[in-house]
Ligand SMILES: Nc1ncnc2c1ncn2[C@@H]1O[C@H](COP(=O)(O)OP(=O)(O)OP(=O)(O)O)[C@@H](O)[C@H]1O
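First, one chain by itself in structure tokens, the form predicted on its own.
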Amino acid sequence: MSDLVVGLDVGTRKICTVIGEVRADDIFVVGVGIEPSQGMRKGVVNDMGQLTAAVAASVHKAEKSSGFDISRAFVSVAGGHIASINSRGVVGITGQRGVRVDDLEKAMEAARAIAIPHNREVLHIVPRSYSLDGQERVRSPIGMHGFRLEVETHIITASSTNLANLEQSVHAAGVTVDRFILNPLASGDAVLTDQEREMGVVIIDIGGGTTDLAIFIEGTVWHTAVIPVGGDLITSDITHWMHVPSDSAEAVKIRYGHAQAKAIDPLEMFRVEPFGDGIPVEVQRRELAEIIELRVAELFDMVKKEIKRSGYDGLLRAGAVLTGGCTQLEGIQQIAARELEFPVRMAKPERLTGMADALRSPAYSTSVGLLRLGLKLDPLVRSSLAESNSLPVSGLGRAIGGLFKRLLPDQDQ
């Protein structure tokens, strides 16, 4: 098998390790390890010991199911510490020759030369478009003749401290981080169509602790953001309202939750066991839905404000694509469409084969997306299964070399 890679999705609610062979038409999954997350809150490490144990358990399950040893992986990252900025870089083209790859690299380096606080580091640098001698919106200038090349980039940064804590926790579980990949970029790679990327779309990945956004226009990333609010806030509301433990509230949300109160029969009831003497009580399901609807509407109002803040709200002709574990909540698509005021579709990973049954859910879009996007970002990543039953991956750490070449839209589009 060629192109066998490992993705490690470290979320607030779950840890998912996936081993897969990335092929032209699908991803052949050879191992999966899913473990409840511990030591994470809103995408940030708050207990390294607990997180390390959870990561180790997830990795062990994937190793056991696949028969391979895992030593390195592409790792997801999110959290309120994520920030982004747009920057331009300019380079001169000497002589009567066409633009070469090294010219693109120099332009990208010029764009990267911006002031970044000492406690932050570049996570991704993505080209949005090129211009050559004043000709704007050049998709790929390779081979074209000109004297002045400009690139407009989207630069994503993260807290150095938070990345170091996450990296150390993963490393303590016996896994080296080959590259951190922002959640919505991975999710977008797993669920968006080429047409959506071209027309303009926002992917909204709602997890337990965060809601991750990425806006794609003309085939590439134009804006990213992480809102430190997710499905756990709904669970917290249920906990306070029903006076039940968090685990019970989560179970109630999954089994009886609905984001659209008017869709629920006002006579429908269910029983729960609150704190105290343990006597079950009956609860009206519509009341539960009313509480959930208020919180979901608030969440999408925050998303709408972030989209407007980006300035690209008028360019999203394909609307929004929802994914992530929280989007399995019934009625959430209707509330999203109402609050965002444009088309909304639900998405989950497709084109999966092998041991993929557990991954065919919106909750695993990031997990699956890490595999293909990780390979795109680092075309050197390969595993030598003919030589060993382990999964060596070229160690580039957080390096971003070659990233811009892989995130550009296909030149033949």
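Numbering starts at 1 and runs along the sequence shown. Given the structure is predicted, the values throughout are model-derived calculations rather than measurements.
Beyond the structure shown, there is the form predicted together with the named molecule, which is absent from this document and is the topic of what follows.
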*Hey, of 320 to 328, 148 to 156, 240 to 248, 294 to 302, which bit sits against the named molecule in the model of the complex at 4.5 Å between non-hydrogen atoms?*
320 to 328
*asked:* Can you work out whether G231 and the named molecule are in contact in the model of the complex, taking contact to mean some heavy atom pair no more than 4.5 Å apart?
replied: yes
*Is K253 close to the named molecule in the model of the complex, meaning a heavy atom pair under 4.5 Å apart or at it?*
yes
*Report yes if any heavy atom of G207 sits within 4.5 Å of a heavy atom of the named molecule in the model of the complex; otherwise report no.*
yes
*How about A363: is it within 4.5 Å of the named molecule in the model of the complex, going by heavy atoms?*
yes
